[in-house]
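Below sits a lone chain in structure tokens, taken as the form predicted on its own.
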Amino acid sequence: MGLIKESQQEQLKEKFKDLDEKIKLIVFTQEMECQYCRETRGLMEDLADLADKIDIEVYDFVNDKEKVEEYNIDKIPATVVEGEKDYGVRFYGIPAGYEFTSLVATIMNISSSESELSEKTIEELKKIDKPLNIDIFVTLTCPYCPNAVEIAHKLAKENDFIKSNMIESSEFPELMQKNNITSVPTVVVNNDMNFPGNLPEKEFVDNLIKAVT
């Protein structure tokens, strides 16, 4: 294990004892011309080694076209966090730095049989009845970004119409430029509307509702 500090390994082993359902980390990578592909795969392998309920599958972005299409992957490195089904939760880029926190939190949430959202939020999410794509642009040094990622991923688990993607900005600068993003965290909804991601759960959901109503 080279990417997870030894001091963190025992803490994570204890934390992962509370996993309910099995988790599958599905990694899409490519050895050539992919920044942080090798590191992302290594990180997921290290995590899988820490818990019996975490498995890993690795696919090549070029050669494994069937899987690429099945999971609708359009850039790498990409990691799908899958529980009893695919909830549409993706990490594009390496979830290291502060984003390691959101990765662990997402694993715990996807595995849990309980919703971590408020009853009010769950009720509001019923208003979303058509496809809604959430891109959360982050950097690994942003302490405010994990909260936005964690909220979005929880929403995707709760509502099948919602897909949620963490996008590590430095690895995909062309997307930053395309969406006119100058700060993080920024949330882009359906490749159109965007809003600051550093919001409490209620305000976050209110902005999403505005996007679809």
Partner chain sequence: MGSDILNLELILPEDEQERISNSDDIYDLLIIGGGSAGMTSAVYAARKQMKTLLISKDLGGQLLWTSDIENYMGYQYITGRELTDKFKAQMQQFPIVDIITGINVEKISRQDNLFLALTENGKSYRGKTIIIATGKRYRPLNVPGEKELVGKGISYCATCDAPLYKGKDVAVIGGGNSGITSVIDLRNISNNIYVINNSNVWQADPVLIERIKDAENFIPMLSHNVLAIHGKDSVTGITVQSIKTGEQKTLDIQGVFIEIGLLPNSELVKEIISLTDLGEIMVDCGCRTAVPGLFGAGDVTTVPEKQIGVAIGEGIKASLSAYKYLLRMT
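Residue numbers count along the first chain shown, from 1. Quantities reported herein were computed from a predicted structural model and do not represent experimental measurements.
The protein also exists as the form predicted together with the partner chain; that form is not presented, and the subsequent description refers to it.
Tell me, which of S111, T101, T121, N133 has a heavy atom within 4.5 angstroms of the partner chain in the predicted bound form? By the 4.5 Å criterion, the partner-contacting residue is T101.
Have a look at I73, L117, L125, A96 for me and say which one sits with a heavy atom within 4.5 Å of the partner chain in the predicted bound form. After the contact test, the surviving option is A96.
In the predicted bound form, which of 167-175, 24-32, 53-61, 152-160 comes within 4.5 Å of the partner chain (heavy atoms)? Looking at the partner contacts, the answer comes out as 167-175.
Using a 4.5 angstroms cut-off on non-hydrogen atoms, would A211 count as touching the partner chain in the predicted bound form? Output for A211 is no: heavy atoms all beyond 4.5 Å of the partner chain.
Classify I181 as contacting or not contacting the partner chain in the predicted bound form by the rule of any non-hydrogen atom within 4.5 angstroms, answering yes or no. Although the partner chain is absent here, I181 would touch it in the predicted bound form, with heavy atoms inside 4.5 Å.
Should Q11 be counted as a contact of the partner chain in the predicted bound form, where contact means heavy atoms within 4.5 Å? Yes.
Going by a heavy atom distance of 4.5 Å, is E45 a contact of the partner chain in the predicted bound form? No, E45 stays farther than 4.5 Å from the partner chain in the predicted bound form.
Are K65, V68 and N191 jointly within 4.5 Å of the partner chain in the predicted bound form, each by at least one heavy atom? The answer is no: none of the three residues contacts the partner (heavy atom, 4.5 Å cut-off).
Within 128-156, which residues have a heavy atom closer than or equal to 4.5 Å from the partner chain in the predicted bound form? T139, L140, T141, C142, P143, Y144 sit within 4.5 Å of the partner.
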